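Presented below, as structure tokens, is a lone chain in the form predicted on its own.
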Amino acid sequence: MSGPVVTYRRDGNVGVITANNPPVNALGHAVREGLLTALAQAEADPAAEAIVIACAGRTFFAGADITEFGKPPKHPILGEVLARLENNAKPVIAALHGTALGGGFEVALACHYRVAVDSAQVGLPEVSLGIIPGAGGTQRLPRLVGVAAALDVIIGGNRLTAGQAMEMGAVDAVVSEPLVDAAVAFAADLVRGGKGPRPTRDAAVTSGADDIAAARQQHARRYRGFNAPFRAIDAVEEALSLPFDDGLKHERALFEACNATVEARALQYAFFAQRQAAKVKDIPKETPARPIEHAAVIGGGTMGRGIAMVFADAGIPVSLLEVSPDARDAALAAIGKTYDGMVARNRVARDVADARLAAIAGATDYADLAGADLVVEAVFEEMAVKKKVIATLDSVVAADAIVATNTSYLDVNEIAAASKHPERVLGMHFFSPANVMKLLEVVRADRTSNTALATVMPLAKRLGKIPVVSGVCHGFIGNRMLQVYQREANRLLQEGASITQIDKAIYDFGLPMGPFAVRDLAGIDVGWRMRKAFGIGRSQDARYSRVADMLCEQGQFGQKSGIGFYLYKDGRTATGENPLVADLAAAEADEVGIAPRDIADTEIVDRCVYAMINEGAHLLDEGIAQRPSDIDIVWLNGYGFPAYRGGPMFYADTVGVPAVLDALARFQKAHGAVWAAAPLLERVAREGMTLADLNT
């Protein structure tokens, strides 16, 4: 853009500084420099008795300039600008609209007064990037709103509405548009009333030692393994005990220490990776998308109900088809009960829940789906059933309507071939519970059209999902890698590790649950039925473990049956290992000639995680995944891989690809050809690259 990014003008007796740095007024170097220049003009203007800081475009300063992440700081840094604002001899008023986040909110906190339109949002989301507010946020916010409220904002990273911020004490007035005119009027009133500067730094911090201790205890489990949330607590604690300037210095030191961690690199990597995942490499930007104004879901089971709620929650009317009136009514009743539970937990208001439920129409006749722009089938995971549904839709919906199959493993090419219009068919693999989980694997079949993909990828964002494109293979990206992860857990069990040891080692690595606890929670029979359907067994792999299959043959399915790999009390609380598991594993080990041995936790983690890394590299070699970061987004959002480790492929770079290859070679020597390294890993190491280099 031409012209200065920050300008100064005077409106009556109020100086107005306006930043215009599209698209979100990021606080890059030019903006920071421009703010200092404009402040100097305002300070030197004898007719200006107050100063308003505003932004053109759709938002106030939305935060730091992400293009500066990872680069050395360039003066003036934001803290220098904020000191000039706060120490100004004239009252400074921030005029907030859009989203004032991170550094943007810190600008507002350094101003003497804050006014906002009612649609504005504020917040300090730095913890989600592995850092803490570094320009006074941890020192100023507690002085305005108290320690407990400040900790909630900083650690939770939540956005506050203008009304919430005003109620809390972080905003002085909620005003009507035009915002700048209202801010100028507010400033003029201050001058008339003889009210001068009101530096936030001078406000007293109310005692909050108990709040600090409570926050450490409250977040110990939620942020297990993370660093930044606890350094944020440390910084807020220093606002209680240190003079303001000393607190700023300590905050900055903590910020820089956080920014140097693997956690910060991992979370910032994931921030960019999520945005990149939505881009399909070979689809022209001008590809038209089909408007989606009405959706349909076939199948009112757990998954189908969740998918219907996803559309309703996004404001898209949806028809839910079941085989009979009774099944239809039961599905709608179950959805209503789910919404009732959300209301009871204060997750949605009653009127919002009622409106969403009203957007879901029950149906028992395919003809009721005729007007749907997109249909998602969520029937039984059986090829014949899904193909019949897809073929039936040819005579029901328009030829250009998008048809999606929600399958976890089945061949989407074969499913699409059942349609006369295979180009409109793709996979939309929702994760359970569909109305909660963010990940959506969008499966691109061989004949899927660009238009179908160009429709579904932005639609996913509208649905509140994080879409990742996958090619067609057994299990797509996530479940294919899950299979090798579970394979190694099974083999470690054969070799002498207990399920408790394996689960604890993986939990300590950072996943929310170990592989056996997860299988008990999901139901061991889910994988068992899939393996039977696909003929997966000992004939394909001499070391295939039948332990889970044998448990299922005895009706031991996990939590839902009260017994699986673990024993359960009340169907939920594990009371210990199922003793049958160790007996079955020992017998199987003897059968295949494996001598039991002591296994270190480090070997458990390396084998489970490196198996995933190697399989991820195979997926890249085969073109199933577009880029390593897409794989990481799948595992971060669908399977609970610890965010502070960045995903399995980022973790490989952290360890070093050559070190991963050395481990694969050791495991291949000990455990066979299944551990042969993917060619991609060998090429990356040979050329001195990282996996992250492949993302661009």
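As the structure is a prediction and not an experimental result, all values here were calculated from the model. Numbering starts at 1 and runs along the sequence shown.
One more form of this protein, predicted in complex with ligand 3H9, exists but is not displayed; see below.
Mapping the unseen interface onto this chain, Gly157 falls outside it, with no heavy atom inside 4.5 Å of ligand 3H9 in the predicted complex. Contact check for Asp653: no non-hydrogen atom falls within 4.5 Å of ligand 3H9 in the predicted complex. The closest heavy atom approach of Tyr568 to ligand 3H9 in the predicted complex falls outside 4.5 Å. The closest heavy atom approach of Leu453 to ligand 3H9 in the predicted complex falls outside 4.5 Å.
Proximity to ligand 3H9 in the predicted complex, defined as a heavy atom within 4.5 Å, holds among Gly427, Gly102, Gly558, Gly616 only for Gly102. Between ligand 3H9 and the residues Ala48, Ala38, Ala26, Leu661, the one pair within 4.5 Å by heavy atoms in the predicted complex involves Ala26. Per the 4.5 Å heavy atom criterion, ligand 3H9 in the predicted complex is contacted by stretch 119-127, the sole one of 235-243, 607-615, 119-127, 412-420. Looking at 429-462, the one residue that comes within 4.5 Å of ligand 3H9 in the predicted complex, counting any heavy atom, is Lys461.
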